[in-house]
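The form predicted on its own is given below as one chain in structure tokens.
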């Protein structure tokens, strides 16, 4: 019997793409699945597909930027399935790819609210449920390779994914005494519709269309390039199975694209070399053997 059998997972953005693949993967392991999504039509289709596979599922319309809706998901999950054991903070958006001088403050706010505050609100609402039964569980935050290496023309997206990686590292230490395993999933390009997330953008985050044709052309070219790499991306079904494999092994960082290793190695080599230069600085010699301060 799987260690997941009979336990309950809550997955935001669970109606399609990576979220749906995770719902399928943990459902196959015998978990009850609660999927939340802002796209109600897609959510109903996902519910029907999961039920057809024999997976116990509860589908709840939700906007991850609304704390009250997270609380509603928590209450409905407990009412339907009892104890909650896993949270997957998956819902995310890309924003508009463009240069910093073309960035719109509303677009920044949208990406920050969904990708960052959505994770914070979800964790604050659901982790107490995992703590309360004392059995432990799992918190999985879906970041991106953009959380490891900055992405040009994707400032808002990169900022949020770096933050999700950092918060996951923080929570990994914080929740360990409660037997809650924290993992951060950092996929490369996956064949999903995340680049079409504008379709679910609320009016409060929208701006009037720009009249500057040159700017619009630049944005369009970047969007076309993004579409091409997503179309060639990894099948989402593999991502869900990879997540189950990785959390079974207790991994903190979950990667789906081993070919990106050389990119992160280059980054960490540059970081290490920067430390070497700081160690050689006459200004900092007194720090070389100083004990490292810790918050834990």
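Positions refer to the first chain, counted from 1. All figures in this text were calculated on a predicted structure; none of them were measured in a lab.
Below, we turn to the form predicted together with a small molecule, even though it does not appear here.
Site check 13, 63 and 202: each within 4.5 Å of the small molecule in the predicted bound form by heavy atom: Checked in the predicted bound form: all three residues contact the small molecule.
Interface membership of residue 39, the small molecule in the predicted bound form, 4.5 Å heavy atom rule: Heavy-atom contact with the small molecule at 4.5 Å: present for residue 39.
Touches the small molecule in the predicted bound form: residue 140 (any heavy atom, 4.5 Å): No, residue 140 sits far enough from the small molecule in the predicted bound form that none of its heavy atoms falls within 4.5 Å.
Contact label in the predicted bound form: residue 144 to the small molecule, heavy atom within 4.5 Å: Residue 144: contacts the small molecule in the predicted bound form.
Residue 18: touches the small molecule in the predicted bound form, heavy atom cutoff 4.5 angstroms: So residue 18 counts as contacting the small molecule.
Position in contact with the small molecule when the complex is considered in the predicted bound form, options 121, 175, 108, 189, heavy atoms within 4.5 Å: Contact with the small molecule in the predicted bound form is made by 189 alone.
In the predicted bound form, segment of 97-105, 175-183, 83-91, 127-135 with a heavy atom within 4.5 Å of the small molecule: After filtering at 4.5 Å, what remains is 83-91.
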